[in-house]
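Here we start with a single chain on its own, the form predicted on its own, put down as structure tokens.
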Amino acid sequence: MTVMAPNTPSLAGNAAEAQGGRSNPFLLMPITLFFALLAFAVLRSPNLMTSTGIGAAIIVATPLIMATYALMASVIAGRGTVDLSIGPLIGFINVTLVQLHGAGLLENPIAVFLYAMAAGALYQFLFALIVIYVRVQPIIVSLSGYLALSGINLVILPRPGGMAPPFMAEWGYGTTIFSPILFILLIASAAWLLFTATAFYTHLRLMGSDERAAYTSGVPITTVRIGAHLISGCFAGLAAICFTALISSGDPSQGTTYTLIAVTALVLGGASLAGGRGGVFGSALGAVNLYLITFCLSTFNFGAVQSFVTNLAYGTILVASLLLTLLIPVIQRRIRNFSPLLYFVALSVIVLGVILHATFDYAALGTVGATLPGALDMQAALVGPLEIATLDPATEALRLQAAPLVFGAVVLAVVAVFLRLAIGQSSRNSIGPAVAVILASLVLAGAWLMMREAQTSQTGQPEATASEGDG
């Protein structure tokens, strides 16, 4: 045993790499479901792709994503630690934050963030102590916490009410893409990605995969499990802040709904409830998929049974996803070098065409014939614009707005191919955070350029009109 123990982390690490590395087949389902739901949602309601639509999606989906991150840390730790009390915990932080603000104790944004994260971490610390030292099963502790916090929330705030701190007043409007909620989501995701590059995360996955092997390999089991729960508590605090910004008040009962949908999102994202497997990309996709399911169903009118149909859709898709995971070994044998990054980029190009089709104003093409005298000459209408040497201001403005989008798509495709080649020759632990940072920077830079070009065109048109009027 002494001779084989040092090799155990290496073997477990190789197994973990096979499950969660660049050839991770468990991301096949959430990526496919995401693009299928996105295409259907855009076809049903093209307004989803507007600045207001994307901003509303961010503010609604972010609390669920944060709750999924909070579950992920404890689930990876193993022992079937699915924290059923995550929803009431979010509600507890929400109602206490509103009540303390009403009493004049929480006014500073830094104090609000520190309180929310400290409250979540303290609860999870007590959770870990009971599981480790009292040796109660985690499912029993989480269920007891669910019932206790649900009652405590009603005692603190019997009915929805109160006011969120003033600096959160505009966070929940969802009228713009670049909101503080978006930055909270990006910073939390980047922090988790950086955490995956640490030795602590390696110990956490090893413990979740095989706790006995981790113990014999010298992993401090108690410290790692407590650390995982503290991380879960911090993310639960961030989820409570985003939830408070969403409703701008306190609600003792609404937070409990996050338990079911957060667990569902975690499973849809490819995480294993037995422990040892989970990732930011899959968990975020699982949460966004649930939002898209709700959005797609909201485009239909089911009358009084609308909520029942939504729950039915959650359950059906969850069961279908679990059944499809049985095919993962077969897919893995046939697709040995599956790259989630390239698969994501390939599907994004296809869905981008669907989005352009759904948002393009085809009705405007019919106005061309109304401006021409007599019968419409199709050849002149099709060939004539190609022979015009000077573009009109509207076409030039449209080209300026579309240029950053086209440039960003080309750069993303080139970077994806380059990173795929680089990852093939490097270790995932050393290059993974760099990949995430580069992709996030490119997306943010493209979105910023688009917004700047749109503002420039809007401010330039009135000036041009005024100068023409003066002339």
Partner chain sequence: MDMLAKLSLPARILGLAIGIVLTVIGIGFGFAQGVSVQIIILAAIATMASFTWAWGFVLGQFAQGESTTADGISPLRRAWMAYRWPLLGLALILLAFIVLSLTVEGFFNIWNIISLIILLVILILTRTLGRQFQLNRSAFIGIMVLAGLFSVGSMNIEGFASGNNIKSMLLFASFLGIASIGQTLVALLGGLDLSIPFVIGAANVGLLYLMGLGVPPWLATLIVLGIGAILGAINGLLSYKLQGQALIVTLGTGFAISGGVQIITSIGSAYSGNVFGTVPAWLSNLSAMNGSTFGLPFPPVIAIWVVIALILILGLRLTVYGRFLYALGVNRTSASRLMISEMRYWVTMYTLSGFFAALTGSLLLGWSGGGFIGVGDQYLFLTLAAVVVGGTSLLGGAGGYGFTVIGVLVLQVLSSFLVGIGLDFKWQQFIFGLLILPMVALYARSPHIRTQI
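Positions refer to the first chain, counted from 1. What you see is a predicted model, and the numbers here were worked out from it, not measured in a lab.
The protein also exists as the form predicted together with its partner chain; that form is not presented, and the subsequent description refers to it.
From the list 211 to 219, 112 to 120, 243 to 251, 183 to 191, the contact stretch for its partner chain in the model of the complex under a 4.5 Å heavy atom rule is 211 to 219. Its partner chain is not shown here, and in the model of the complex it never comes within 4.5 Å of any heavy atom of T223. Put simply, I130 is close to its partner chain in the model of the complex: some heavy atom of it is within 4.5 Å. Taking the partner from elsewhere, T299 is found to have every heavy atom lying beyond 4.5 Å of its partner chain in the model of the complex. Interface membership of S348, defined by any non-hydrogen atom within 4.5 Å of its partner chain in the model of the complex, is ruled out. V267 is the sole member of V267, L292, I177, A164 with a non-hydrogen atom lying within 4.5 angstroms of its partner chain in the model of the complex. Of the residues L100, V354, L400, L312, just one reaches its partner chain in the model of the complex with a heavy atom at 4.5 Å or closer; this is L312.
Shown here without its partner chain, the chain has I140, V141, L143, S144, Y146, L147, A148, S150, G151, I152, L154, V155, P158 in 140 to 167 lying with a heavy atom within 4.5 Å of that partner in the model of the complex.
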